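Presented as C-alpha cells, the chain that follows is alone, the form predicted on its own.
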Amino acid sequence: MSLTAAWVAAWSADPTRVVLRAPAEDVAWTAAELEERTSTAAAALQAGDVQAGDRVLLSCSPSAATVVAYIAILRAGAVVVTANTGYTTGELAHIESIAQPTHRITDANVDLADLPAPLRNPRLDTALSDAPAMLGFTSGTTGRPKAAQLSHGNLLAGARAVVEAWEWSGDDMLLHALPMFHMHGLGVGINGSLTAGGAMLVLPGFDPSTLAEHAAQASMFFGVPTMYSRLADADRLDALRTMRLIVSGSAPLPADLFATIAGQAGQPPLERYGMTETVMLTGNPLHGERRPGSVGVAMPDVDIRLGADDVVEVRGPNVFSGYLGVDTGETFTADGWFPTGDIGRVDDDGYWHLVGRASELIITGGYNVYPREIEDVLREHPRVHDVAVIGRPSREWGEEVTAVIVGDADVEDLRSMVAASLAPYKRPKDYRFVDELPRNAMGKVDRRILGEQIG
C-alpha cells in the first residue's frame, strides 16, 4: 500500500471531521475537503507534466498550502525532494545537482496556481510500497548533505510505528510548529497525523506567544530543545499542561531543561531518536519512566544493536534503501544493518543513550573524546547558557579539545569543574565565548560552521 492510499482510507472513514486548521490562513478543512484539494492539486501536477517517479523539489514555509503541495506530490506518484528554506543559492545548487528535480515548488508557487487545469482522470495513489516517495537530505552539520532514498513503505512503517507507540488516534490534534522540509515535521508530524486519522493545527513558524495562544486546542506537541528553551525563557511552558503528550527530538535535550519542562508543563517530555534515513528508531515510553538523557527503547518493528566501536546499528521496514549515488556496500553492513554514525550505549533496563556522533569524535593525543560528555558537565555551571565542544587542529595533540561557551562563566571555575569530573585528556585546553551557537533549523549545532567562526 502507498502512504497516500492509507491516508485516503482514513479520510473516507470520517469525511466530515476537521483535520487541518491553519488560523493564520483562516483554514479549517474537513477530511473530505483535504482529499478534494489534494486530488485536484495532484491532477494539476500531472497536467503540468509531473510523471510518476519524477523528483519535485519542495522548499516552503509551514502552511496549509505546503501540506497540500506535499500530499499532492505523493498522490501524483512523484518523489518529494526536501530542501531547507534557509539554504543559500550555493547550498540549493548542491541539492539540485544531486537530486536533479524536474519541477520545483517554493513559497512563490506553493498554491500551484501556475499549473494547467487538472486532468479529468488522474492516476492517483497508485504507487506500490517499494516505490520512491522522498529524497530526504541529511542536515549536513558536519559535512555536505547526502540524499537518503525513502519509499512509500519506509514512510508508512515509520508513521505506523509512532502511531502505535504514542497511541495516536483520530481524537488527537497535533500543534504543528515545525519546519516542513525535515523528517521531524514531515515524516513524523504530517505523516503520523494523517496515518492516525488525526488532525493538525499548523502555525506559520514557532513563536512562544502564538503557540501558547493555540495550545489549549491541541492534544500533542512536538518540538526541538531550542523551542522548549524559548518557551521556558518566555514563561510559557505552562501552556502545554493541557497536552496529552509533548515530545522532544532532533537534538539532545539537556537534563536541566528536561527537569524544567517536567515541572512547568506538568509532564516530562518524551525524548525520542530518529534520523532522515530511518524516520523514528527509539522513544521513551508513553506509559512508564521517561528518563532524562535517554532516548528510550526501540520503536515497534525496529531492531537495534551496537556495532563496531559502539556505533548504533538499525534495521527495519522504516530504514531507507541507501543514499543516492552511493554504493549500498558503503552504507550497510555485510548482514544488512545500517550504521547510524551515532555512538551509543544501552543500560540494564534496555534504555538507549547516545554519546555523540562518530563524525564529531575528537582524537587528541591518541585518545578518543566525545563532545557530549564534556558538554553535559559544563552545562551544570549556572552561568553557562549553552555550550558546544569541538576539536581544533593542533600540531602537538592532533586535535585540541575546545569548549565554545554562551554565557559569562569564569574560565578557572570551568577548569575546576571539569577537573573534578573528567580525565585530563577530556578537559578542554581552550575556552572561547560567543553570543550564540550556529544551529540549523532543527536546533542542531552546526559544528562545521562553528569551527570556521572561531578559527
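All residue numbers refer to positions in the sequence shown, first residue = 1. Owing to the predicted nature of the structure, the values given are computational and were not obtained by experimental measurement. Think of the rigid core as the biggest set of C-alphas that the two forms share within 1.5 Å after superposition.
If you look for the form predicted in complex with ligand AMP, you will not find it shown, but the lines that follow are about it.
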*Of Q217, Q100, N368, S209, which residue is found within 4.5 angstroms of ligand AMP in the predicted bound form when only non-hydrogen atoms are counted?*
N368
*ligand AMP isn't shown here, but in the predicted bound form which of L306, L257, A131, L354 has a heavy atom within 4.5 Å of it?*
L354
_Complete contact of D238, A262 and P269 with ligand AMP in the predicted bound form (any heavy atom, 4.5 Å)_ = no
*asked:* Which is the contacting stretch out of 75-83, 155-163, 269-277, 88-96, given heavy atoms within 4.5 Å of ligand AMP in the predicted bound form?
replied: 269-277
*Should P252 be counted as a contact of ligand AMP in the predicted bound form, where contact means heavy atoms within 4.5 Å?*
yes
*Any non-hydrogen atom of V295 within 4.5 angstroms of ligand AMP in the predicted bound form*: yes
*Wondering, does E375 line up within 4.5 Å of ligand AMP in the predicted bound form on heavy atoms?*
no
*Are any of the heavy atoms in T333 no more than 4.5 Å from a heavy atom of ligand AMP in the predicted bound form?*
no
*Spell out whether the Cα of E360 moves at least 2 Å between the shown form and the other one when the two forms are superposed on their rigid core.*
yes
_After superposing the rigid core, is the C-alpha displacement of E33 2 Å or more between the shown form and the other one?_
no
*Have a look at L361 and M275: in the predicted bound form, are their Cα atoms closer together or farther apart than in this form, given the change is 3 Å or more?*
closer
*Given a change of 3 Å or more, say if the Cα atoms of I363 and Y273 sit closer or farther in the predicted bound form than in this form.*
closer
